[in-house]
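Take a look at this one chain, the form predicted alone, written out in structure tokens.
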């Protein structure tokens, strides 16, 4: 079985083709056309799929399924994108548009953090666990939940939006329109408010620059608060952290584990690990939809 996964982001769209053994046969990244050019998005996705087929020496006709990850909330039937703020999508009929573009394939949509969680559970840091969290720390904060050994998409099918749990009462504005969300304090937005990209700030802190050390310590305080709240609710075995900020590695993970140990109610804390699949997790998880 051949399957394609497409991971739509606010800047880039990542795509990959997987075979029946889940080997990556081809991968490619193209520019997202922008919120004001959504009319050409289905064609861009078709061109990307065709390019992947060409790389792998296959024709699109032999691909059985195409999964598409989107950074936003989907309706319970996973047919429409209700809100994807970074993409400019509101009540957007993406599934119907793609079914017209790919009439021979099974097409399915998934939230991008759910896709990453699915990929890490099958092939990465969450492999083998019955309860685990995949959290992406980047432009936003995405969250995917493995519950009972399966991806959990919410009781009413609306997803698991861990990045939009309330963290600070009447806090900073969030892209969702609310204030004080986890995303406002644990994404790159926190660092950008200090005038610097996350990894640039982390490198200064690593070098011992006092202001940056304070900024990073405050970030870890916010992130550990958020994780401690998730832990007492879900009691996960593993928390996998991905996204651009996670590339800081043990410089962040070491003190983060200590803070979580101090703050969590339970005597035994979950393992906190870096996600293993990197920026491939989104398209791998989307491609895996064709397996279920």
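Being a predicted model, the structure only gives us computed values, none of them experimental. Positions refer to the first chain, counted from 1.
The same protein also exists as the form predicted together with a further copy of the same chain; that form is not shown, yet it is the one meant from here on.
Contact with a further copy of the same chain, judged by heavy atoms within 4.5 Å in the predicted bound form, is confined among 96-104, 113-121, 159-167, 197-205 to 159-167. Within this chain, residue 151 is remote from the site of a further copy of the same chain in the predicted bound form, having no heavy atom within 4.5 Å. Although the partner is absent here, residue 178 sits close enough that one of its heavy atoms falls within 4.5 Å of a further copy of the same chain in the predicted bound form. A residue is said to contact a partner when one of its heavy atoms sits within 4.5 Å of a partner heavy atom; residue 147 meets this definition for a further copy of the same chain in the predicted bound form. Proximity of residue 262 to a further copy of the same chain in the predicted bound form: non-hydrogen atoms within 4.5 Å are present. When you look in the predicted bound form, the only residue of 62, 40, 31, 232 with a non-hydrogen atom within 4.5 Å of a further copy of the same chain is 232. For the candidate spot formed by 253, 258 and 273, no residue has a non-hydrogen atom within 4.5 angstroms of a further copy of the same chain in the predicted bound form.
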